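Next comes just one chain, in structure tokens: the form predicted alone.
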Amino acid sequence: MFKNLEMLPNFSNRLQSMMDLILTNILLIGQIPAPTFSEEKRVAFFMERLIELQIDECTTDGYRNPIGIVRGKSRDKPPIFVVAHMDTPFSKDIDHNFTVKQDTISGTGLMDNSLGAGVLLSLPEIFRLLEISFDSDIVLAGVIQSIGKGNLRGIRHLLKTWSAPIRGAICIESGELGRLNYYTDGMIRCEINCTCKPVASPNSKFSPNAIVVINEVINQIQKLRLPLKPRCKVIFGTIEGGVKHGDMALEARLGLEIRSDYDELAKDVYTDIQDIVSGIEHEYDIKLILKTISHVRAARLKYNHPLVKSAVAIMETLGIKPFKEPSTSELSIFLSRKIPALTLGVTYGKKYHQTISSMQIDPMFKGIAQIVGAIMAIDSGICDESPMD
């Protein structure tokens, strides 16, 4: 387990002297809209800023993921990856100006994941302030096309084309401070699109209302018997349809996720939903299409893995209470490739996926100190003798 815990509280205190730089990076990158598949301007700024901060090397891979490298002292040690996704779930048409108060910042996309990207961007200067050097190269990657229909394409491509071994990885998310993700559920993210005919066909006994059809889909999915072990659940995340109050809805869409810690069970539930969709399409004489937009496999570190144990010790040293839950972030791609990795949150926030999301400033310094501590732990060799099973 990582031994140099006593220096971390001092790191947290010293980082407060960098508040202006860190907040500037968060504001500058966060106020550039970066919806999934349209991250180009944010990527360009990220690279320009890394060059201004005099990082050792700055480039992009073949998929346009921006990459900065802080060179380590040893040519024999594999690199350590630190990643944050660049995209946010908000369109360019939405106001991205941030409001800064004494203790908080608020604005569109801040907690998913502009804060994380801003902290990633600040790491080269943070390492200098704390006078930290590493044996391994530290690869700072702002990955694109991550959330929603992006299906983690950025990190998938980066790791697929990175031919050398990777020592370990830390994934940065804006929040919540204390999150300790070291395992991922299997996940299948789906959309069900319903299109009805303007006039019911002569053979149909139902009115062509797409909202009613989607409601029936939900009702039948809820009747599925899902086991408690292995865990499995279906999450209804989005629903939309119709044009105006007095007209029948001819189109509607349902977004859902199937999650399980057992991949085969998630696939079985997906097949059951396919059957439900096919049956309702025939019964209602409408067009009902189920499509997969994203998927990840279940993978994990064991709780007694040195990286997990070190992360718990780091958090407790900083007075952070860890909480464990599954993640479907970039973490899943690292773990599926047998690369030890964690996802950590930077600070406390509210209204994560709204245009008025907000973050607390002061806890951020502990959040950054834990990230630095986790990188140092990997560099000390805790993952070298404990590969994933």
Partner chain sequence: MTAGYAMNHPWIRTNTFNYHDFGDLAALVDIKHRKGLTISLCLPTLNEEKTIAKEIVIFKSELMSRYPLLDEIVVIDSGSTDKTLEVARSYGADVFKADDILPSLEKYKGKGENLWKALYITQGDIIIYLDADIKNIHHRFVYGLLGPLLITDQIKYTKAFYDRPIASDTGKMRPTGGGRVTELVIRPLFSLFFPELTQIMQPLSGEYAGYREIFEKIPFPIGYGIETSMILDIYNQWGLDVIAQVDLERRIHRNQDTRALGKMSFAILKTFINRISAQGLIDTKGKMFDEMIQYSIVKDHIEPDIANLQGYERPPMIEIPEYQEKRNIF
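Residue numbers count along the first chain shown, from 1. All of these numbers come straight from a predicted model, not from anything done at the bench.
Omitted here: the form predicted together with the partner chain. The next part is about that form.
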### Task
Given the partner chain in the predicted complex, answer whether the residues 23, 31 and 97 all have a heavy atom inside 4.5 Å of it.
yes
#### Entry: in the predicted complex, segment of 59-67, 346-354, 328-336, 23-31 with a heavy atom within 4.5 Å of the partner chain
23-31
### Query
Contact between residue 44 and the partner chain in the predicted complex at 4.5 Å, heavy atoms?
no
### Query
Does residue 161 reach the partner chain in the predicted complex, with heavy atoms at most 4.5 Å apart?
no
#### Entry: Close approach of residue 264 to the partner chain in the predicted complex, 4.5 Å, heavy atom
no
### Task
Indicate whether residue 73 is a 4.5 Å heavy atom neighbour of the partner chain in the predicted complex.
no
#### Entry: 93, 247, 131, 275 - the one with a heavy atom within 4.5 Å of the partner chain in the predicted complex
93
### Task
Check each of 223, 101, 291, 229 and return the one that places a heavy atom within 4.5 angstroms of the partner chain in the predicted complex.
101
### Query
Listed by sequence position, which residues of 348-384 have a non-hydrogen atom within 4.5 angstroms of the partner chain in the predicted complex?
361
